[in-house]
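Take a look at this single chain, the form predicted alone, given in C-alpha cells.
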Amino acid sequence: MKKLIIANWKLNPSTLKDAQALAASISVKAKNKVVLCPPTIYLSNIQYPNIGAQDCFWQEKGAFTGQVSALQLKDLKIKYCIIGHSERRAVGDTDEMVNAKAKALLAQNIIPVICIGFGTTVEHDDLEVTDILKSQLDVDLAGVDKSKVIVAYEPVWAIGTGKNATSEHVEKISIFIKTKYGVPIVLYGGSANAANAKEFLEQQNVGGLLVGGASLNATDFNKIINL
C-alpha cells in the first residue's frame, strides 16, 4: 500500500531556479505518493503532480497584509496545505487559528495537513504525549470533517535536531489518533531521513512522513519516496 510522503522545503531554496531544479530532480513515478511544499512565492512556478502550501490564512480576502488565503491557493490548484507546524506555533499560531485554517481549506477542497506535537519533550512518556496531543486535537478538529484531514505528529524536540522518536512510539501515537479521532492518515515528522525512514514506513498505522531537511537533497529524498 502506498504511503504519503510530504516534503516541507520551509524557507528553501533561495532562488526560483534552484527550486525548479530541485523539483525536476524528484521522481514523479515513486513507489509512494509524493507532495512537494515549496515556499509560497514559488508555488505557481513549480511543476510536480502534487503541490502543497506551507501555511494559509483563514479569511478569503481583506486587509490582511502578507497573508495567503485558501481561496488563492485553490486558484493555483494547490491540493494540500500544512497548518499548525511547530515553527508557526512558536511564533504565535494557536489551536483556534489552526482550526479556522482547517475549515477555510476544506471549504476550498484543499486537504489540511494538521501538525501536532508542539510542547512535547523527549522526557514525556506515551501517556503524557497523548494528553498533550488530545488538548491540541480537541480544538484543531472541532467542527471539522475528520475524515478529510491528515494529521502529522511532529514531536517538537525531534524537528531539525537529528534526533527522531522511536518507530514503536510513533506507531502507538498513530493508533491513538486514528482510533480516537477517526483521522484516516497519520504522518510522522521529526528528523525523518533516508537512514531512518524505512522503520517508520514499515509501521502499519503510520501513513507516511512529513520530511524537512532531507527533502532538500534530491538523492536522499528519492530514496525515501521509493522505500
Ligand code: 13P
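When you see a residue number, it is the position in the sequence shown, counting from 1. Since we're looking at a predicted model, the values are computed, not measured.
The discussion below concerns the form predicted in complex with this ligand, not included here.
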property	result
One stretch from 63-71, 183-191, 27-35, 166-174 that, in the predicted complex, holds residues within 4.5 Å of this ligand by heavy atom	183-191
Partner contact for Pro49 in the predicted complex: this ligand, 4.5 angstroms, heavy atom	no
Contact flag, Leu22 vs this ligand in the predicted complex, heavy atom cut 4.5 Å	no
Proximity of Asp140 to this ligand in the predicted complex, heavy atoms at 4.5 Å	no
4.5 Å heavy atom contact, Gly213 to this ligand in the predicted complex	yes
Sole residue of Ile159, Cys56, Leu43, Leu201 within 4.5 Å of this ligand in the predicted complex, by heavy atom	Ile159
In the predicted complex: members of 1-33 within 4.5 Å of this ligand, any heavy atom	Asn8, Lys10
